[in-house]
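Take a look at this one chain, the form predicted on its own, written out in structure tokens.
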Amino acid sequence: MCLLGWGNVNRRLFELLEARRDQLQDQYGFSPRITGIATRRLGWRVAPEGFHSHSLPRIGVRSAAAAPSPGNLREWLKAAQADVLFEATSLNAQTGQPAIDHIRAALELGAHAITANKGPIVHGYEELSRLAAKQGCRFLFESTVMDGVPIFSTFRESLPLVRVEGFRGILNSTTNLMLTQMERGLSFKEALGKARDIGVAESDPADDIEAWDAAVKVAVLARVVMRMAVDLKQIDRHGIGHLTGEMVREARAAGHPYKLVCRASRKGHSLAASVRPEMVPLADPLAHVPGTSSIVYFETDIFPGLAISEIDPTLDTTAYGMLADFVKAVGSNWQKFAFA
């Protein structure tokens, strides 16, 4: 297996794979071996015998006597003899690149592709799904929305033929945490600092504050669960940058707290989608989703209301989503199943 990106998610995935090694062998009959790790800083690192936890400190050390590393992604995948690629590079909301090319290369070489990157789903879902089916591989992405909570597999495997008419929810942890902290007395700037301190907000939080992250998640859910293509420009997007601590506290005191609400619904053959701060009544369950927690309500032709929620997710939940996708990809009875 190869890890593309060596940030928090793939590091934690590595630890989970090590911790679950015996369980994977006992329950599924296989033992994972990480033979490739790649980043912009480290380059394309290969260990045919497999990287182990004791060797991680040496990953960042280049030796003059070491054999030259591969020069590009395809050479790296071939040298590492990859059966699975875990793609966890940074999001490019506008094009989905270069992650789309990463996943395409893996599939063309016959490796399963598992990603935590939303960009390839927004901009390349149909193409990559067809390619995966053609190659007899899996293209999976459970960790792209709600940190690995089984949204996509629920509809793919447990609710066949259900038609999703729409959804609404809270899908961005950073802004929800900030609004919660502002309700408790912090200013906008202080709430953002709190989000950074606990590792939720990026050093550049614009994607969260300006609602790009939430809009991308709306597009992912619409494309995969509702099977409706949507351009990001079609989503009515408004962030929380204009809200002050005083405004947020006054709204809560009046019984209509602010939440950054994501929505999508079918309108004939088109889709109406939005992400914007809304004042929701206290009778609405969305009003009581605190901190980094998330929730999404689906409206379907069979279930009038189906809710999926998570409370205070951690890196474990995101990494677990990728681990679960790995088991689905390589476990018995899954090899020929494709969701496209």
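Position 1 is the first residue in the sequence shown; the rest follow in order. Remember, predicted model here, so these are calculated numbers, not experimental data.
Omitted here: the form predicted together with a further copy of the same chain. The next part is about that form.
- Taking the partner from the other structure, a further copy of the same chain in the predicted complex has no heavy atom within 4.5 Å of any heavy atom of residue 268.
- By the criterion of a heavy atom within 4.5 Å, residue 147 is counted among the residues contacting a further copy of the same chain in the predicted complex.
- By the criterion of a heavy atom within 4.5 Å, residue 256 is excluded from the residues contacting a further copy of the same chain in the predicted complex.
- Looking at residue 249, you'd find every heavy atom of it more than 4.5 angstroms from a further copy of the same chain in the predicted complex.
- With a further copy of the same chain omitted here, the record of contacts in the predicted complex names 154 to 162 of 212 to 220, 179 to 187, 154 to 162, 240 to 248, defined by a heavy atom within 4.5 Å.
- Annotation: in the predicted complex, residues 8, 170 and 264 none come within 4.5 Å of a further copy of the same chain through any heavy atom.
- Of the residues in 279 to 303, those that come within 4.5 Å of a further copy of the same chain in the predicted complex through at least one heavy atom are, in sequence order, 282, 283, 285, 288, 297, 301, 302, 303.
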